[in-house]
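Have a look below at one chain only, the form predicted alone, in structure tokens format.
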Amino acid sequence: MYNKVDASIIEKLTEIVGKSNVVTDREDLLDYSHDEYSLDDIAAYPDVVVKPQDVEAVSKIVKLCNANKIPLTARGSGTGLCGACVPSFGGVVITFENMQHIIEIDAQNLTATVESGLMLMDFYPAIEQKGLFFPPHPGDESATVGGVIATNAGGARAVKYGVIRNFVTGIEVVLPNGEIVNFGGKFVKNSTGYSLMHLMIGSEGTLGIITKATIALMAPPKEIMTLVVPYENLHDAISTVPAIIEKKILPMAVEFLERETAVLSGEHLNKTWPCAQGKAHLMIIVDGSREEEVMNLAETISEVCLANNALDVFIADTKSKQKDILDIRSGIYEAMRNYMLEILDITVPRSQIAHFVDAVNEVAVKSGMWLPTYGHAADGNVHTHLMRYQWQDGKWIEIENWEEKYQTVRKELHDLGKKYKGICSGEHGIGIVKKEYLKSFLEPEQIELMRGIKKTFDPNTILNPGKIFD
């Protein structure tokens, strides 16, 4: 189906980006053969990795691959969890390590224009120095701007502020034929034809390669307060969330987690989770323009929680305490990654979260697998870890017959997602790992429309082939 990368292609790529920006050594290519998805059965080596320095070089690379029918996969930092940046058919991997510049921070239009290789860990402090705020926080700050746009990443703050899609106002894209186009701009409104920009967002690099983006910014909240609320069981914790929403309160974040996983993450980070009570906790973050406003929100939320069987309410009112809590919550995946098989991101209506999680726990008991579950309680995004090991009494113990149980349990969990009117991915994307479930959650007509869009944009199927659908 595709042509191989030969010496003449390597030579032409070298002419475009320079010898130091071409990687062909097998050992060095290993880093580009996988993402954070833990199983190695989907890994694939590229034939070559190239590191362009500007959009013109990207355009030349794409034109070369398209003319020679060579598969081309764009890659950010490789922090994905579904194999979306794995070069399944080999070919060329294009990375943006040399395109990490902040082009402009525009205080008048409340936007920042940046290259796609810029990492979030460099983006956040740069805009904070200007007194501005970018609400989305997908978790791993080594992720790149281009990567989070290509996957429409979410994170804990999505319940109030929305996902990446809500903050992208313009993108520069190299199409599969190598042409450079610009979608959107510094606009608040845009009803000028089809929104091709939004079609690119979340397309996982299958329709075009994002090289630059204009991001909407906000004034930062004046006051932030974090609450940790313990419960005797996860059902009561999650069931509290609709009651908070019914009070017309929309927190910045509402996370649910089991105390066991919070303690595990805290030990991994050498930090202490602030609450030892109960088996399940809510982490609630509220923000506002005045201290009195935030305190009133916290008091109302506390009353609702206590009325719904909360054991207590702990308030973290200093930045250092808030940071420790958020670090521990964000660190759960990292603490478990070496002992797990996969992390799911099934998303259900928030009214169904408690029922869904109850059903997940029933599967865990029936199968004998440890399925620690946590997630974004106010937007229905549930993260269940399918584990190879269980953490017991401070040590890891391998789960008996996990190889036999894995696929059966995985299917049962996705069947539950379907039963509770959910979708198979709320923020990680489809990539390779979830292709088999797409047809269970979408109507055939929707998938055929997606295939038609792919064919229109990329008739030679060179961009990230084998992702989302075959």
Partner chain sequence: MKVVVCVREVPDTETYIKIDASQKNIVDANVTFVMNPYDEYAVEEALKLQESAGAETVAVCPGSARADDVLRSAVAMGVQSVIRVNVAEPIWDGLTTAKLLAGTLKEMDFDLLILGKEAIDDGTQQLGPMLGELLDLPCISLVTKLDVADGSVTAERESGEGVEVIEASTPCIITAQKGLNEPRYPSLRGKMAAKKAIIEVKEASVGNVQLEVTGMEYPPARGKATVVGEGVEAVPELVRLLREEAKAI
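Treat the numbers as computed from the prediction; the structure is a model and nothing was measured. Positions refer to the first chain, counted from 1.
Heads up, the form predicted in complex with the partner chain isn't pictured, but that's what we're talking about next.
Trainee: Is the partner chain in the predicted bound form close enough to M225, P274 and M295 that every residue in that trio has a heavy atom within 4.5 angstroms of it?
Mentor: Per the other structure, all of M225, P274 and M295 touch the partner chain.
Trainee: Among the candidate stretches 180-188, 201-209, 308-316, 383-391, which one is within 4.5 Å of the partner chain in the predicted bound form when only heavy atoms are counted?
Mentor: Contact-bearing stretch, as computed: 308-316.
Trainee: Heavy atoms within 4.5 Å of the partner chain in the predicted bound form: does Q108 have any?
Mentor: Looking in the predicted bound form, residue contacts with the partner chain do not include Q108, since no heavy atom lies within 4.5 Å.
Trainee: Look up in the predicted bound form whether S302 has a non-hydrogen atom within 4.5 angstroms of the partner chain, and give yes or no.
Mentor: Taking the distances in the predicted bound form, the answer for S302 is yes, it comes within 4.5 Å of the partner chain.
Trainee: Is E362 one of the residues lying within 4.5 Å of the partner chain in the predicted bound form, judged by heavy atom distances?
Mentor: It does not: once the partner chain is placed as it appears in the predicted bound form, E362 has no heavy atom within 4.5 Å of it.
Trainee: In the predicted bound form, is there a heavy atom of the partner chain that lies within 4.5 Å of any heavy atom of H101, even though the partner is absent here?
Mentor: Output for H101 is no: heavy atoms all beyond 4.5 Å of the partner chain.
Trainee: Of the options R290, H268, K321, K279, which one has a non-hydrogen atom that comes within 4.5 Å of the partner chain in the predicted bound form?
Mentor: Selected residue: K321.
Trainee: Taking 4.5 Å between heavy atoms as the contact cutoff, choose which of E260, E232, E128, D358 touches the partner chain in the predicted bound form.
Mentor: Contact with the partner chain in the predicted bound form is made by E128 alone.
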